[in-house]
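Take a look at this single chain in structure tokens; it is the form predicted alone.
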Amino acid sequence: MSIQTMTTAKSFVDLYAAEKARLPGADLPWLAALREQAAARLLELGLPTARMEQWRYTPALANRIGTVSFTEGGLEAIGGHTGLELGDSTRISTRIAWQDGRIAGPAAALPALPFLKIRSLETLLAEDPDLAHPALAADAESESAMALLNLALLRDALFVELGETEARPLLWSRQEASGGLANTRLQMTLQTGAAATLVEEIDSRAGLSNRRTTIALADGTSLRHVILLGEGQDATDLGEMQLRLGRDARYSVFLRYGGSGLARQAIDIDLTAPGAEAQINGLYLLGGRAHGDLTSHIRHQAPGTSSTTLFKGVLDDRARQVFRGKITVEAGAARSDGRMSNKTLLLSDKAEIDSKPELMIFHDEVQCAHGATSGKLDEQALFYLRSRGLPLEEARKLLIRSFLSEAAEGAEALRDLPVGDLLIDKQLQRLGQ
């Protein structure tokens, strides 16, 4: 069955009206009420447009998506090449596969470990609905149209609780979307002392992929997070993340933009207690008419917190990348340290980088810095390499790899996954470098 509508806020709400009786939790009054509230608020707000400050440089969704549908495919376990080729020495504790917004395979097949609890939306609503209520209720009050859309038409979600363990489990989530609307939600909680690595691979070939992630890191926890965005030229992939870090909690994320038609990742991080630390590293190597977008806001809310952001990339043809990074140091956050940098190589006169780093500081005793640069390959360095016998294309590739390597080599999120060079080389091949 496929229900198709034109892409406006009203047509999404019409799709919800047609499908709401078949959505998970339709018989739960509190969840049905939250969905109704989200749908009504979505209709009021409308879909994001370039008139909104946070979406100023992003193409209007109505022009990107065209039509949407709920795709009903088989929910067999899916595979596919991860692009990382992990060695035998890396143990993957858990693999989760998604197909068009639903967890592939029966919910009962989700793995269970003594220190790790993973449940689907259907299972959680049957076993412990009170755990789902606070986060979903918060989304119903959201000012984000995509969060409201996610809640109204959510068909599946993943709830992960990780306790303290001597091992650092590796969780691997692969999402495939063949078209239509694919809403996914991940709610992850790390209890005191827990540590984990999370890899998310997004392979959207068409339609709209709308990802919603909330992560809570308790005191003394550590999460390394890798997000690999796909390469579907007809795809629109939108992700929103909200994180809260407790005392001495550490979060590091590495993003790789693969060249999809439109890939936008928003990251909102609250450093709520002393010693909390966040790191954002990312790479983009885009060609054709690909559009990438990273929007981040890190709030230092307590003394002695730190954050670093390093986002580097290469643009060719008519590709466009947007970087909107903001650091806020609140009045009580003495001795905070926040640093942010965005650097871009432009291989074409028609490529475009829109970079807007921001600092908002409400305390004197802090160390903060931000900067953005863009330019072309260094002609003198290129001449030097060619004078030493390197062909032009090899010399260009060497300079590009050298430029990008800083973001990968310094990424804490990749420490257990020594694949930075591999990710760069795969993207260089796509750009013909």
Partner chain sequence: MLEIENLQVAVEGKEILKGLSLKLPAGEVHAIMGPNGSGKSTLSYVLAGRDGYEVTQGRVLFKGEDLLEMEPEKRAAAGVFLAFQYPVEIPGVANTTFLKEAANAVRMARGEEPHDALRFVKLLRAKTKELGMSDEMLKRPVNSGFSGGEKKRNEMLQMAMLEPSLAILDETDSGLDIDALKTVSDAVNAMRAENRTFLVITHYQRLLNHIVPDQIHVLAGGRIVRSGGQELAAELEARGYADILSAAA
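Residue numbers count along the first chain shown, from 1. Please read all numbers here as calculations on a predicted model, not as lab measurements.
What follows is about the form predicted in complex with the partner chain, which we do not show.
Though the partner chain is absent from this view, in the predicted bound form it lies within 4.5 Å of a heavy atom of just one residue from 45, 372, 381, 32, which is 381. Proximity to the partner chain in the predicted bound form, defined as a heavy atom within 4.5 Å, holds among 390, 52, 28, 377 only for 390. The closest non-hydrogen atom of residue 40 lies beyond 4.5 Å of the partner chain in the predicted bound form. By the criterion of a heavy atom within 4.5 Å, residue 367 is excluded from the residues contacting the partner chain in the predicted bound form. Residue contact check for residue 396: none of its heavy atoms lie within 4.5 Å of the partner chain in the predicted bound form. Against the partner chain in the predicted bound form, the set 99, 117 and 119 makes no contact: no member has a heavy atom within 4.5 Å. In the predicted bound form, the residues of 397-415 lying within 4.5 Å of the partner chain by at least one heavy atom are, in order, 398, 399, 401, 402, 405.
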